[in-house]
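Heads up, the chain shows up twice below as structure tokens, two forms, tagged structure 1 and structure 2.
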Structure 1
């Protein structure tokens, strides 16, 4: 994986370490990163994005403790081999939680009845 695969938005209300963890989660869930893929070093990510290396370490540490990444001796961080390729439905749904909350909020602000929103969402979700 290359450090340029990550997008950092410093001005976002989401702290940078969380932005990194979220992106790793999505890249792994989406299959762009496979088990065993090596991650760029903390220094590479920090230098590429001009961010504090401690922020990158914090993100990697959090991803490691969540089981997304594992530390390979002498090689650095890699996508965990034990990453459950099929996370439970609840786990996958939890990944959508922020977007769902935002959607619910917007719908309330627009005073839209929930059945109308759900109907539209249902249509979007149809294969």
Structure 2
């Protein structure tokens, strides 16, 4: 994994360290990061995204305490060997549920037709 795999949104109301932990959780659940995969160093992530290294360190520490990551002496952080294998599609969709509910609420508040929102979402999902 390299630092560019993470997307940091400084203007988001969600703290940056939580953004990192949530993305790691999703990347592991989706199988993009497997047990034993090494993560970029704290300095590498901080430099790439122009954020404070302590923020990245906090995120890695939180992910480690949750059992997502493990510290490998002399190598850095890696996806924990005890991490569950790729989750089912339903389990991965459940991780999106809070954001989907927020999106639906925002679309209703803006009085946007669902077909327009779905078209836009479809374009955003394309690689």
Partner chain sequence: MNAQLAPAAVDTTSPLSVAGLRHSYPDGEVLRGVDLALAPGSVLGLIGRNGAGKSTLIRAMLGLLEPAAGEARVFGQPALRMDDQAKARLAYVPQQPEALGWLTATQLLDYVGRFYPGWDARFAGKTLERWKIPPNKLLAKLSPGERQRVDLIRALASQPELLVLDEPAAALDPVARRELLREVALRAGESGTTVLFSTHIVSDLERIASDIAFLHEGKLLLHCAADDTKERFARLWLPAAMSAAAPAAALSRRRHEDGSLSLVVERDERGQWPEASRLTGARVDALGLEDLFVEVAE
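Given the structure is predicted, the values throughout are model-derived calculations rather than measurements. Residue numbers count along the first chain shown, from 1. Definition used throughout: the rigid core is the maximal C-alpha set that superposes within 1.5 Å between two forms.
Trainee: Which number, 1 or 2, marks the form predicted alone?
Mentor: Only structure 2 matches the form predicted alone.
Trainee: Could you check, with the core superposed, whether the Cα atom of residue 114 shifts 2 Å or more between the two structures?
Mentor: Yes, residue 114 moves 2 Å or more.
Trainee: Using the core for the fit, does the CA position of residue 65 change by 2 Å or more between the two structures?
Mentor: Stays below the 2 Å threshold, so no.
Trainee: After the core is overlaid between the two structures, has the C-alpha of residue 54 moved by 2 angstroms or more?
Mentor: No, the C-alpha moves less than 2 Å.
Trainee: Once the rigid core is superposed, tell me how far the Cα of residue 99 moves between the two structures, in Å to one decimal.
Mentor: After core superposition, the C-alpha of residue 99 moves 2.8 Å between the two structures.
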